[in-house]
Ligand SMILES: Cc1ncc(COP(=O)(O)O)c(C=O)c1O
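Presented as structure tokens, the chain that follows is alone, the form predicted alone.
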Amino acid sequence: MAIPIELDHGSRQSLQGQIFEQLRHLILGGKLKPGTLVPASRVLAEQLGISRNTVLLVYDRLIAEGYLQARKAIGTYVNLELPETCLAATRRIVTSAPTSGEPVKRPAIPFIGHIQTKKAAAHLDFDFYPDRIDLDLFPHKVWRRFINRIFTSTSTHFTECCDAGGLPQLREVIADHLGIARGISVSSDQIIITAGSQEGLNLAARLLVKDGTLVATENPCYRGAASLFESYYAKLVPIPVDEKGLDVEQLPRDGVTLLYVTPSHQYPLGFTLPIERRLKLLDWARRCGAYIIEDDYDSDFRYRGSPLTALMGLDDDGCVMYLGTFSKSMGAGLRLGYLVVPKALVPAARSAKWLLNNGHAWLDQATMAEFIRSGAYGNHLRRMRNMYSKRHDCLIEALREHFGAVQLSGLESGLHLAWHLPKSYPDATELQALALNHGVGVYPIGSGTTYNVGKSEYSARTLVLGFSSLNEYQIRAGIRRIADAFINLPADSRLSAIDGHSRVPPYVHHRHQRY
């Protein structure tokens, strides 16, 4: 029996691929019915004028995928049960009998939470949204080389679950990195690899937070943390922030189980907690029996001076959990972070991670471990730090050029600045709306990823400006556009920030003052 197969010797598809696809199409189309004997490999090879080995390879693949069945001493047949039959469910229409009585009410879902919506920025020409990084700075070639090397050397890693705490090689290089960069001396067993810092927060909350637990947070703070604690029915205790970070004197003397803090670069205002307050904070935790989550989300990017030792590096009483992430250095899409816990919490934290997802994806962990171990991560950080330092300085210069003696915070490190508006300017939400109408995104406290309880000192007159995803030209052009919008307001709606005679912001005459 001749089978209707036509080969195109000029096609980019191999002869083997062409024969496979056409035989499969004939079987699924019913032209080769289940139970039909197909030609022997030698016969089909002679019909098509090709090597018998090519036909044998096609038959082997069709047998392996369930389209053909080989019977010894008889031949090869079309399988009676085709794989598509097993994969596709048969749709049936079921006529339900009418029910009587009221439907049973399902119990209420015992969960509260908020979805942090991602703002669509397509309509913005210049978006100063914080927490984004520049895709062009990702080390694509180096990362691809490490992935290929690890992928080809793998054995059973794809068929077995990893250690729930994370790949040992990655935890070891992270421990070494923290010892040098943050002054933290921990063993690799204390490190839990997570899907970004948000999962690290989840693990900590699962260990310590329940309905009614008092959780203290900075005010303002990171929205993802506040929303997470609220989802566990915690009672948030907002603690004010001043120019030295968290006001430790405002902390309750007892009753608080957990404190969430960003001491290296307070989110979103950028203040750095001085050593005196760090020591007072640790003393408070020791006396109250509270745990502290130290979120060190962007400490890799410091532009002035040496970083202070992390809280966990100063902690002798096992009360600090350290939260780190690669989202700012590598990209949030990689979903790699880590939680470092005191030794007393190691068994519970590893168990919680196992119950949550039985460990993080192996390939990403192995690639990141090799990336750090080889020194490529250090090279990458230095390159990014140099680039972001230029953008950081560019943003400050642009603000001073157009708005004069601007008051800024968060200058020492990080990927965003906070601009504190003078009283003569419109408030932050008005300025946001004005900028938005001219294609520029700027963000008041309480919008985006920031969270604010009530009216803090900074809530109405502070804008958060991220600079890491914009190049220097875009930064200058975006700030210039805000300034142009400022001075070109119609006379009848001109705000008090504009000098009615010169039509320029009043502070432009003091542009050479220090920021």
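When you see a residue number, it is the position in the sequence shown, counting from 1. Computed from a predicted structure; not experimentally measured.
Keep in mind that the form predicted together with the named molecule is missing from the display, and what follows is about it.
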| item | value |
| --- | --- |
| Single option in Tyr222, Phe371, Phe271, Tyr322 placed near the named molecule in the predicted complex, where near means a heavy atom within 4.5 Å | Tyr222 |
| Contact residue in the predicted complex, from Pro426, Pro238, Gly196, Gly313 (heavy atom within 4.5 Å of the named molecule) | Gly196 |
| is_contact(Glu294, the named molecule) in the predicted complex, heavy atom dist at most 4.5 Å | no |
| Contact flag, Lys328 vs the named molecule in the predicted complex, heavy atom cut 4.5 Å | yes |
| Ala332 within 4.5 Å of the named molecule in the predicted complex, heavy atoms | yes |
| is_contact(Asp131, the named molecule) in the predicted complex, heavy atom dist at most 4.5 Å | yes |
| Contact segment among 280 to 288, 259 to 267, 74 to 82, 340 to 348, judged by heavy atoms lying within 4.5 Å of the named molecule in the predicted complex | 259 to 267 |
